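One chain comes next, on its own, written out as C-alpha cells in the form predicted alone.
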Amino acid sequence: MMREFGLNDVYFLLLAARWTIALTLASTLIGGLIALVVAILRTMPFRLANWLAIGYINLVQGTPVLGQLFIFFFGFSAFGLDVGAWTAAVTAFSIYASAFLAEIWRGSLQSVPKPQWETSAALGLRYFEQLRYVVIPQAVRISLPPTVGFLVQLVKNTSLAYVIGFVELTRAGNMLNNATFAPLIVFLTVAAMYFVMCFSLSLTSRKLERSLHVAH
C-alpha cells in the first residue's frame, strides 16, 4: 500500500545517514592506519618494501570496490565464515581507502624537499625519526586537501554497500521509494543529505588548511 512521504521518513533517512557516517569513519580510521604503513614502505630505501607496497596498491586500485564487497560478504562463506554486512562493508572500504590514501600520503612524503631529509640525517636522526619529527609534520599540511577530497568520494562510494543489504542512506532511500513511490522527493532528500555531509567535510578542510597555513 502506497503512502505519502512525510517527516517520519526524513527522520528515517537521518537515522540511516548515521550508518553512512559510521561506515566512512570506521573505514577512514582502519584504512588510514594501513595506508600509513603502506606509504612508509613505498618511500623506504629498500626495494623489496617498495615492491610489496606497489603490488598492494596496484591490486586494490585495479579491482572495483563493488567486487571487493562481494568477496568479503560472499567469498568467506566458502571457508565456513559467516561475515555480516557491517563487517564486510568496513573491511572492503578500509582496504579500498588504504590503497588510495597510501598513494596520496606517499606523494606528500616525497614532496617534502630533499634538503629536509638530508639535514635531518646530518643531525643524526634515523629514518623513522626523520619521518616522525621532520617529514610527516610537513607532509600532513601538503596531504590535507587531497585527503579530504578522497574522503568526500568515500562518503559517496559507501552507497555501494546497499548491494550486500547494508542499510545506509541510499538503501534507506530505496526502501522509502518502494513504500511511497515518490522517487523525486525521496532521492532529492537523500542527495541533500549527501551534500550536507560532503560540504561539511570541505568546510572543515578549509578551516584546517587555514590553521595549518597550507600553501595554495
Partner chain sequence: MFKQITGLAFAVATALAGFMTPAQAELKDILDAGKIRIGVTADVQPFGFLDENNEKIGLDVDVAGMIAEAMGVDLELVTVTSANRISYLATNRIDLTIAAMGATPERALQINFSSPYSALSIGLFGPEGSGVDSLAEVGDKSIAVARGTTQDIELTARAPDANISRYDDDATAASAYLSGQDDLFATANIIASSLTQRDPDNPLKPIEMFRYSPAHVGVPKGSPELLQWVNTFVFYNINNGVLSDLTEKWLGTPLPENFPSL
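The shown structure was predicted, so the numbers you read here are calculated from the model rather than taken from an experiment. Positions refer to the first chain, counted from 1.
One more form of this protein should be noted, the form predicted together with the partner chain, which is absent from this view; the next part is about it.
**Student:** Tell me which stretch of 96 to 104, 137 to 145, 119 to 127, 72 to 80 has a heavy atom within 4.5 angstroms of the partner chain in the predicted complex.
**Tutor:** This holds for exactly one stretch, 72 to 80.
**Student:** Indicate whether the partner chain has at least one heavy atom within 4.5 Å of a heavy atom of Q61 in the predicted complex.
**Tutor:** No, Q61 stays farther than 4.5 Å from the partner chain in the predicted complex.
**Student:** Taking the partner chain as it sits in the predicted complex, is I164 near enough to touch it, meaning that at least one heavy atom pair lies within 4.5 angstroms?
**Tutor:** Close contact exists here: in the predicted complex, I164 approaches the partner chain to within 4.5 Å, heavy atoms only.
**Student:** Can you work out whether P183 and the partner chain are in contact in the predicted complex, taking contact to mean some heavy atom pair no more than 4.5 Å apart?
**Tutor:** P183 belongs to the contact set for the partner chain.
**Student:** Looking at the partner-bound form in the predicted complex, is N178 within 4.5 Å of the partner chain by any heavy atom?
**Tutor:** Taking the distances in the predicted complex, the answer for N178 is yes, it comes within 4.5 Å of the partner chain.
**Student:** Just to confirm, with a 4.5 Å cut-off on non-hydrogen atoms, which of T28, T189, N174, T43 contacts the partner chain in the predicted complex?
**Tutor:** Looking at the other structure, the residue within range turns out to be N174.
**Student:** Looking at I34, V155, L160, I54, which has any heavy atom no more than 4.5 Å from the partner chain in the predicted complex?
**Tutor:** Selected residue: L160.
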